[in-house]
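Two forms of the same protein chain are encoded below as structure tokens; each is given separately, as structure 1 and structure 2.
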Structure 1
């Protein structure tokens, strides 16, 4: 079969999906600038009047301001911790090709297939026993634990691609293992570390299930939970669609900016790291 028509069909489908996604994001943004009545009268029309007050309402009455700070703190700390723990583990697994290291690597790969839902009850019981439910520390520990299998797997591919000659040269110059890892290996694998951090940050930023189950105080909820609570509140008081879409834009804006800025690095990092 001729490859070119197949490639052409594939590219056409990809561009159609991209255009549909961009149109959806544009519609969400335009809807966030409209009143509820205007949205129902003309769902897909441009706004007849710009309602910037929707964002002020979402930020204050919807609790998105405090939730944004909680999301930033939890996402950054859990991402840094996951990469800091995974990097030395992945480096050792990449360099020590033994049966034990192979079994450990396989256990991390098997961890990728465990759905988070089945861990919900055991984690809740365990964290309740040490009084970490409804605390940032407990939620960060969960995010770090959930990120370890994929982060170790991804970074193992990067460290496998680092030439051994660099370590041999550093060893000849008298560098110890710790100094060599910090000053030689980590700078070379910087692209993989940044990719792992960004992927974990995106996952923690968008995570909802564990945040709903473990964070019960209104002043500690994250952005996805704030949106869920806002929708529940509006169902009782009369749904304000413009403010709800403004809340969605507050959640989406950092992710869109992140992909626009670092999208090529994320894709390159995933293909290079997983492909090795």
Structure 2
């Protein structure tokens, strides 16, 4: 029974951290509605009025508007493409257990351990040679490549869980493998595909290293680059914190929305195969 005080302390601490996390998020949001001078004078004060001026500033002169559009485009296209080419591969790797398929699966798994910076110089040199630096296509290609190891790994696990009986039944009914994949397997695996898409979307949305190295024109940069540029730009005449907080909220908003909407799916996907 001596564990009661310890538990009490632990519980209190956990709730304190939870509340602090929520307050931090709330504070970032509330601060984005206030004027910079005011923020520094009274950091904890609530906004006196709902001021959207910071957002207007961030969206236009801060460059966050154009960047948000780039981010949405790059993240959506690269995630769809990554799932589209990973799904058939993962299906075959899950179903055909040959030496070749084993070796391919293994090479994807090993890719999980490669830190992104290893690919930075080679991809830059390679894509510069075909004129794809500072282009959406180039960045999308990079994101698809970076996504492959995890997406294939995740989906292989997922397809392995789809019972064979389904295909056998469809086969007896005379369905060819292509038709079967499209009409039987994909619908059953929809949950896995959505999870893979979500995780890749989150990854691409937050990716910074390649975006900052590859995207140079102001109209093509993604949100993380816009934030970095904004901070750099303001270095000389003092940071406009209000606008910066608004910019950060633009980066945060889709993550909050996705997490509120499909949090359990995201959590499950990011911890899948590890907790088992």
Partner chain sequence: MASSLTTRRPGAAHAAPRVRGRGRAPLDRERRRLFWPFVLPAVLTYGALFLAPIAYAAWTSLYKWDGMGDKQWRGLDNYRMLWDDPTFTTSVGNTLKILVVGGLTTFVLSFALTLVLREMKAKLFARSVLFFPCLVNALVFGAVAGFVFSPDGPVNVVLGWAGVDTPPKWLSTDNIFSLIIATTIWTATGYYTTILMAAVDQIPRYLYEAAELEGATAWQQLRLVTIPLAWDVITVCAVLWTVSSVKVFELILLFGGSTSGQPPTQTWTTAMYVYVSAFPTGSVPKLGLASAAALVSLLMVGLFTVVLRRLMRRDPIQY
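Numbering follows the first chain given and starts at 1. Note that the rigid core is defined as the largest set of C-alphas that superpose within 1.5 Å between two forms. Everything quoted here is computed from the prediction, not taken from an experiment.
For this session: Please match the form predicted together with its partner chain to structure 1 or structure 2.
Result: Structure 2, which is the form predicted together with its partner chain, differs in this respect from structure 1.
Exercise. Superposing on the rigid core, do we see a C-alpha displacement of 2 Å or more at residue 50 between structure 1 and structure 2?
Worked result: Indeed, residue 50 is displaced by 2 Å or more.
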